[in-house]
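This document opens with one chain alone, in structure tokens, the form predicted on its own.
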Amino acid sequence: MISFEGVQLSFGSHQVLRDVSFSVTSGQMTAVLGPSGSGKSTILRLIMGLIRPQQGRVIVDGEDVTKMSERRLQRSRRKMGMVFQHNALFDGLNVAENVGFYPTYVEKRPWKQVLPEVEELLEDLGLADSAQKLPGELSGGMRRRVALARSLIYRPKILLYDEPTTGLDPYMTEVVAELIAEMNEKYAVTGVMVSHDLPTVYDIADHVVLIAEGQATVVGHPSELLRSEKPEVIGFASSWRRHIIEYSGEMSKEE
């Protein structure tokens, strides 16, 4: 579905990505991990064709987005939904209007035709009772759900998530992670999630790629975050591994 082939990208004298290659399998959730400033969010911008690498190719659904004209890129982006870290909702529109924004204002479809689709998504995401509320009246977790519903309204083939659980409390983090997994399965989308939240990645990702010092390491299944012997994986996940081991030891003592 998506593949990076020898991608190199620099901003001025700063090299962000160096010969990055990895693939995203259709119908699966791939998590892109990395330290702050490693270039992992740049991966999403490359997939959408918002920036172009100096070398290499980014293949999305069989097409090289690095060579596309802006018109072709617009068509390619219609296959994608984006859930932003800060939600990017319209403050002056209520929940239902935010979710129905794309089909109503971009596709120019009548509201009475869009409304049943909006109501279905709101029901799926536990937002039915909040349809008339403004974003400012919602909790952070609820706003994140609205952002997910707004991305699903036009049935994208690909969903991109930029730190989808950042800023949420542990309970809402778990709720949003479960919703992401459920919606990906129900709507049969291919997911790419940029995150630093290792427990969420472990729970919902099928495949993990680590970006560190501009290079990509294919970790594989999330369980490899705990048992991989690759130095870069050990270095990135060491504190999490230690916490898991200590927690498991404490649970064994209690038993």
Partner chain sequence: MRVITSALETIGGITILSGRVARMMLRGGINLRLLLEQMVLLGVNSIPIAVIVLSFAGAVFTFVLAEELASRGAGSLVGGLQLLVFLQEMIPVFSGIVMAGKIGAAITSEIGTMKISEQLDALRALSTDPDWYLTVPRVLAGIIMMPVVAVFAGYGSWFAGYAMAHNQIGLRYSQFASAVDSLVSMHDFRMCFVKCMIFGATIVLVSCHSGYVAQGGAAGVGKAVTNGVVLNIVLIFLLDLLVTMVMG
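Computed from a predicted structure; not experimentally measured. Positions refer to the first chain, counted from 1.
The next section is about a form of this same protein that is not shown, the form predicted in complex with its partner chain.
Check your understanding: Which one of Met48, Leu198, Val189, Ile204 is close to its partner chain in the model of the complex, taking close to mean a heavy atom within 4.5 Å?
Key -> Only one listed residue qualifies here, and that residue is Met48.
**Study point:** Contact residue in the model of the complex, from Val114, Leu89, Met183, Leu159 (heavy atom within 4.5 Å of its partner chain)
**Key:** Flagged contact: Leu89.
Review point. With the partner absent here, would Arg71, Gln74 and Leu93 each sit within 4.5 Å of its partner chain in the model of the complex, counting heavy atoms only?
Key: Every listed residue reaches its partner chain in the model of the complex, so yes.
Check your understanding: Is there any non-hydrogen atom of Arg155 lying within 4.5 Å of its partner chain in the model of the complex?
Key -> Answer no; every heavy atom of Arg155 is more than 4.5 Å from its partner chain in the model of the complex.
Check your understanding: With a 4.5 Å heavy atom cut-off, would you call Arg78 a contact of its partner chain in the model of the complex?
Key -> Judged by the heavy-atom cut-off of 4.5 Å, Arg78 is in contact with its partner chain in the model of the complex.
Check your understanding: Does its partner chain get within 4.5 angstroms of any non-hydrogen atom of Arg145 in the model of the complex?
Key -> No - in the model of the complex, heavy atoms of Arg145 and its partner chain never come within 4.5 Å of each other.
Check your understanding: Where does its partner chain sit in the model of the complex: which of 175-183, 106-114, 136-144, 123-131, heavy atoms within 4.5 Å?
Key -> It is the stretch 106-114.
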